[in-house]
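Just the one chain here, the form predicted alone, laid out as structure tokens.
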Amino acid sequence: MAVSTIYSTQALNSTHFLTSSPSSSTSKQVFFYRRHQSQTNRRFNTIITCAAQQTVVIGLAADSGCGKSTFMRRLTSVFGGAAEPPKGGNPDSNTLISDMTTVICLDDYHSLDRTGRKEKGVTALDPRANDFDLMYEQVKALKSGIAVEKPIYNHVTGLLDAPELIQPPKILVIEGLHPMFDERVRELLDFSIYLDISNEVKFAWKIQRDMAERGHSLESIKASIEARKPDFDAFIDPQKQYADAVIEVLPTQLIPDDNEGKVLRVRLIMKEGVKYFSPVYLFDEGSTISWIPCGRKLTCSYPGIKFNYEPDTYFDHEVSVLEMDGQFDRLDELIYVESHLSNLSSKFYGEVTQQMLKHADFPGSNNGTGLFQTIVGLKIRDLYEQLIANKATAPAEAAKA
């Protein structure tokens, strides 16, 4: 492990790296300049460690209230260890750290605080309210094994707090509204996921949450959704065309004219040809399959469960699509479904079922959202292991050549 010195100042709106002539192949000296908005001018001189091993970067995009936090908990659980805020740091930090992963919320790269956005008449979804230069530079630094002082957007106060030190993890997950918006950031991603919640389901979820839990009126909920929609359609939704995997949540087709959003049809759209990623399939790879599981082996109340699997195209990309409509009554019986799925990247028979049972209280654990989030988590673990193994063998292969 090498040691680097970072000098953070308030000088510029960009970050610059200058590498000195190292005394060993893994040591670096980095001069790190970044913008920090606060009430006082401060300079940070911090001695940090600089990891020689490159970080694997995963991107997760979705609108607010669409299940990113739940997905993050499922994903970090696959790698082991509970994800927690940085110890001894800002109690309002958005960062989550576990044994192998660090999850960064991209809201931290808002360039305008809540008051600033109101004054300029922009939403947090608008690119003008976000600092993509700093986002790119810091994700690039972390991917290269260099620690950064990342800003913090305080969701409680709506202000931009003092930065926090982020060490390069083995796996960095950047989650939020814009992980695939900027081409430079997009090219740093080793794998990307988009959570695509249909307008009907999003509306039903928001009504359930905001009316029941927060006392909001139906009219205010509708107004909030409509106010965000133009920016969502312009800046967030188009990112799904770049995703390696999309989890699409739709109203059920098993109940005619259902508008409650309690029973869901969920589609896992998996891009073909992605390095280190092989799509999951049902029964026979590449075939078109429609399957209603045996009621004696999988307990499910009205309206039942139906699976579909087929090859398809998605934004001109070849994809495989696995779909589940309906919900489970007993998670322990999920092993029956798991036994008919292939390319799960599980370590042992029944691991998907075990993970689902472990988090039975998480939202979506009785339907396709929880199932497909769990499967994608296992696929990301497999991708990480393949990437690391490939990097380990690369020097030996280069020496042979």
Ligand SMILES: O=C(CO)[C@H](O)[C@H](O)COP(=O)(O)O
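Numbers follow the displayed sequence, beginning with 1. Every value quoted in this text rests on a predicted model; they were computed, and no experiment measured them.
Note that the form predicted together with the named molecule isn't included here; everything after this is about it.
Partner contact region in the predicted complex: 102 to 110, out of 250 to 258, 102 to 110, 278 to 286, 137 to 145, criterion any non-hydrogen atom within 4.5 Å of the named molecule. Though the partner is left out of this view, Arg296 does not reach within 4.5 Å of the named molecule in the predicted complex, counting heavy atoms only. Contact check for Arg330: no non-hydrogen atom falls within 4.5 Å of the named molecule in the predicted complex. The named molecule is not drawn, but in the predicted complex it has no heavy atom within 4.5 Å of Gln54.
The named molecule is not shown here, but in the predicted complex it comes within 4.5 Å of a heavy atom of Leu177. Of the listed positions (Cys300, Leu165, Ala124, Ile225), a single one reaches within 4.5 angstroms of the named molecule by any non-hydrogen atom in the predicted complex, namely Ala124. Put simply, of Lys229, Arg117, Lys306, Arg186 only one has a heavy atom within 4.5 Å of the named molecule in the predicted complex, and it is Arg117. If you take 144 to 166 and check each residue for a heavy atom within 4.5 Å of the named molecule in the predicted complex, you get Tyr153, His155, in sequence order.
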